[in-house]
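Encoded as structure tokens, the following chain is the form predicted alone, with no partner shown.
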């Protein structure tokens, strides 16, 4: 049984880490980008970002004034049991969000869409978002743990969707990708450089979910296990950095830190596509909580496992076929 007080205390620690400590994979990617950027203003912005990250960690302050919209991704091992059940889990995450908003502190961005009601704690109707995944044990072992991932993603722009068709092919995907990046940069709709996530297929809602997860839940340098998709990820990273835009939309070549693509089977007549820019801060933090109370912190969500990308009806059947 996983104690609920451990879940809440761990969630509050994660909120602090996500707001203040930039993940190492993104920091390494940013440094590599800064080393080759030759645009004057873009180079200045990148250097200022790197200095701000160091100052934030040293002073234990949020790395950006706009701390986005906190959200949670919960992955449960198949054998996990939570004290108080899933209702207690969600209460703990909402309470941790409210406590961290006033404790870190985070900017209370969440308001009612019509009445603009603000509880000053980033909690409200359907806020924060909590998404779930499940995972079997490996090699017959029990999976008696839960993974908590918090992501502080901007909640205004940096996202677009288009219904493409099979005849559009890779060229259509490429065209919408470039259209989105140009719009993000020219209109100030995203904070570059960023990890770009692309969702392909599914229905409209799952396409959007896949794109956002691709941006927020994969690390810089990670590649899709399908070699053809991995090649497109590499191509699009280079393509995004060739349009003449750099950090924060200034002239340069540092628009994209990395590009990740996730797919879902879709209706035979369509090819849905979503594009998501994460954030120049890439605020995410992860912890695994074991039933014995152990907590292991990390920055890689490890969300897209083979199980999450399973293609056949039966998972065990797929494993046997692979062997």
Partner chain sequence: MAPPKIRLSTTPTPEALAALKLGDIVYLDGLMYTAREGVYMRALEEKANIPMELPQQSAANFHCSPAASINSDGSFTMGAVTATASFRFAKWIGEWFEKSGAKLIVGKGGMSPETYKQHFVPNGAIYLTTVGYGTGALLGRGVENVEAVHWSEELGHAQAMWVLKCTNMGPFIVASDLQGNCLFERENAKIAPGLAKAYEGTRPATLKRYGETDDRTDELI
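Quick caveat, the model's predicted, so the values are computed rather than measured. Positions refer to the first chain, counted from 1.
What comes next is about the form predicted in complex with the partner chain, which is not displayed.
Annotated contacts: 136, 301 and 313 are all free of the partner chain in the predicted complex [non-hydrogen atom within 4.5 angstroms]. Contact annotation: of the candidates 182, 209, 229, 130, the single residue with a non-hydrogen atom within 4.5 angstroms of the partner chain in the predicted complex is 182. Checking 123, 74, 248, 80 for any heavy atom within 4.5 Å of the partner chain in the predicted complex turns up a single hit: 248. Using a 4.5 Å cutoff between non-hydrogen atoms, residue 156 counts as a contact of the partner chain in the predicted complex.
In the predicted complex, no heavy atom of residue 269 sits within 4.5 Å of the partner chain.
Using a 4.5 angstroms threshold between heavy atoms, residue 107 counts as touching the partner chain in the predicted complex.
In the predicted complex, the partner chain sits within 4.5 Å of a heavy atom of residue 171. You can rule out all but one of 157-165, 219-227, 195-203, 81-89: in the predicted complex, only 157-165 has residues with a heavy atom within 4.5 Å of the partner chain. Applying a 4.5 Å heavy atom cutoff to the partner chain in the predicted complex picks out 174, 175, 176, 178, 179, 182, 186, 187, 188, 189, 191, 192 from 174-203, in order along the sequence.
In summary, the C-alpha positions of residue 53 and residue 187 converge in the predicted complex, ending up at least 3 angstroms nearer each other than in this conformation.
Compared with the form shown, the residue 163-residue 187 C-alpha separation increases in the predicted complex, the change being 3 Å or greater.
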